[in-house]
Structures are given as structure tokens and as C-alpha cells.
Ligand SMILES: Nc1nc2c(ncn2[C@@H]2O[C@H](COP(=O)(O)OP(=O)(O)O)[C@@H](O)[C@H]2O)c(=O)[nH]1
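Listed next as C-alpha cells is one chain, alone, in the form predicted alone.
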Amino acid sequence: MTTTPKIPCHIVAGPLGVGKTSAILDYLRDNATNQRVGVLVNDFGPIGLDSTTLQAEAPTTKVLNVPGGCICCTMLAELPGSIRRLVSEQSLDRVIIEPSGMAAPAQVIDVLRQAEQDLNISLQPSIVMLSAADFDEETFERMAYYHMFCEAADVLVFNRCDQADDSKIKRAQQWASQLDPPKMRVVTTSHGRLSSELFDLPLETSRAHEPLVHTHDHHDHQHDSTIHPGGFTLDAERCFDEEVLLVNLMRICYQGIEQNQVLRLKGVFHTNDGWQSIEIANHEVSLRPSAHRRDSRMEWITQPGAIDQARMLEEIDRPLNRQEIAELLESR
């Protein structure tokens, strides 16, 4: 039986006016002659200016417009049907989706991931664009709007570098290098020019045997031989029960594992209540929604011994013991 190859599907997201349409046009100029590319554009306004621009400058490209709103709000339910129209009207080698600058890319990713089999698409690393000219550490840290984009990015692009001085560009790169979860690539460019190679990056899969230790994550105890970092990644399809996960992580941090103290842990998890970012340090628990969608991942630091990823996963997946939960709550 012949299997039809899945169509690579890309999201190019970012704030209004950051250069998403320019980046897609740049890709089409370089590739539309040897690829059949379909583009789905979610224009913020009702007229559909971005899609009109794309169709005018790349007439051989199939462009479908979803105007008048935000693809992650009123148009979200229509997204699978729109893609089905796009791929059914023409045999395509690639699909590129440009959500409106008001859209939450994580929600678009969720819908596409659920529809991958039905639509015969293969979701590729998400490309998120930000303006280097507008970069400011304090603003980017403070505003949930920027967190929404940065967490959802697999590839983070700082565009409009021609409008920023070298020091601001370097600060932006440094800031991006410390994002957690880390990005597959951090790119600087101008006028939306992106290497076609970015559209051929494979989505990272689970690296079960590779410890996740960030080179930028320096700890006060980094020279203490009794301090041991560890970590893992899991495929995005793996879904945790949020209650079981949270209780077990709290138990691990409060009680330790096999006489080993867990000094700190943090992670992003796909749960039955969506994607959650969890961090526990000094018995303080932080839980918030996460826009990261590439994989579930966790890092930890233990003392005096090391905990391997198989043992940690075993503890995370332990069935809940109500008596143990009661004792845990009393100990807080």
C-alpha cells in the first residue's frame, strides 16, 4: 500500500508589523519555482491586505485568506477546514501559515497537532519573529504578550536589525540565549530575509538519554562535587495527569529521593489541563500556563547523589497515595 507523504506545515508568527509577510515572500521568491507552496494568511483586518500582497508578488502560489479577526479566537475552529481546502485544491509540497499578530501561536499549534493525521500534514518547527528595533529586556520580561510568542517559538528570529544598533542586537541575542525552554535557533536578520534551511529543520524529538543542562544556567554550587544536575525530554504526545504530576513533583522536592535532596526542579509538561510550566525551589511552587509545545522537559539539581532520568520518571508517574498527600500537606 502506497502512503502519501505528509505535507510539511510551518507557522510563521509574531507581533503586528514585525515582518512575517516579508519573510514568507522572501521564501517564495527563492523556492516557489521548484516547490508548490500553499499559504494560509490570517489578516487582522477584514480586507486581507497581507494575502493580497502575497498573491500579487507570488502569483504561482496558492494563497488562502482567513480575514477579519484572530486565527486563535473566532477563526480557530475553521483552521482545519481552511487547510483542507488549501491542500485539496492543489497538490502541495509545503504549507505556510501566517497567523495574525494578535494570535496566540500555541493555540494554533495545538489545533494543527490534533489534526495532523486527518489533514496529512507534518507540523514543523515554529518560526516566531520579533523586532530587534523594539527590543527591551524589561518590557519583554514583563509583558505576557511577548512571553506568548517566545515560549511558542522553536526558531526565534530578531528582524529589523538594520534599525537597531549593535549593542541592542547583542543584548537581544544574549537575552534569547537564556530563554527556557531553549530555542533550536536564534536568528538575526533584516527585511524578513530568512535562510531556506530554517524551513527544513527537523522538529526535535525526545532525547531520553541526553541530560538537559543549559550552558548558560550557572549555579552557585557549580564547583561542588556533591551537586548533580539532571534532565530529560519527552515527546509532545506524552500527556501527564496534572494532579498526579504536581503532587509527585512536590513530594519529590519536599521529601527527596533515596536520601538525595532535590534542591530545585523546573519543567514544561503537556498535561490533561493543557501545557504547564512548573518550577519548585525552596519549597515554593510556581505553576502557570506555557506556550511551549515542542516537547515536555524537566531539569533538576540534587545533592549529594545523582538521580538518573529513568528513576525520576518513575517517581513522577507514581500513583497517588492519599495518606501520603495528607502528610505532605501537613509538612508544608
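Whichever C-alpha set is largest while still superposing within 1.5 Å between the two forms counts as the rigid core. Not measured: the values here are computed from a predicted model. The first residue of the sequence shown is number 1, and the count goes up from there.
If you look for the form predicted in complex with this ligand, you will not find it shown, but the lines that follow are about it.
- When you look in the model of the complex, the only residue of 237, 258, 138, 162 with a non-hydrogen atom within 4.5 Å of this ligand is 162.
- None of 142, 85, 185, 191 but one reaches within 4.5 angstroms of this ligand in the model of the complex through a heavy atom, and that residue is 191.
- In the model of the complex, this ligand sits within 4.5 Å of a heavy atom of residue 288.
- Of the heavy atoms in residue 10, none are within 4.5 Å of this ligand in the model of the complex.
- Using a 4.5 Å cutoff between non-hydrogen atoms, residue 299 does not count as a contact of this ligand in the model of the complex.
- Among residues of the shown chain, residue 29 is not one whose heavy atoms approach this ligand to within 4.5 Å in the model of the complex.
- Between 152-160, 245-253, 168-176, 110-118, the stretch whose residues reach within 4.5 angstroms of this ligand in the model of the complex through a non-hydrogen atom is 152-160.
- Looking at 88-127, the one residue that comes within 4.5 Å of this ligand in the model of the complex, counting any heavy atom, is 98.
- The Cα position of residue 279 differs by 2 Å or more between the shown form and the other one after fitting on the rigid core.
- Superposed on the core, the two forms barely differ at residue 32: its CA moves less than 2 Å between the shown form and the other one.
- The pair residue 299 and residue 123 separates in the model of the complex: their C-alpha atoms are at least 3 Å more distant from each other than in the form depicted.
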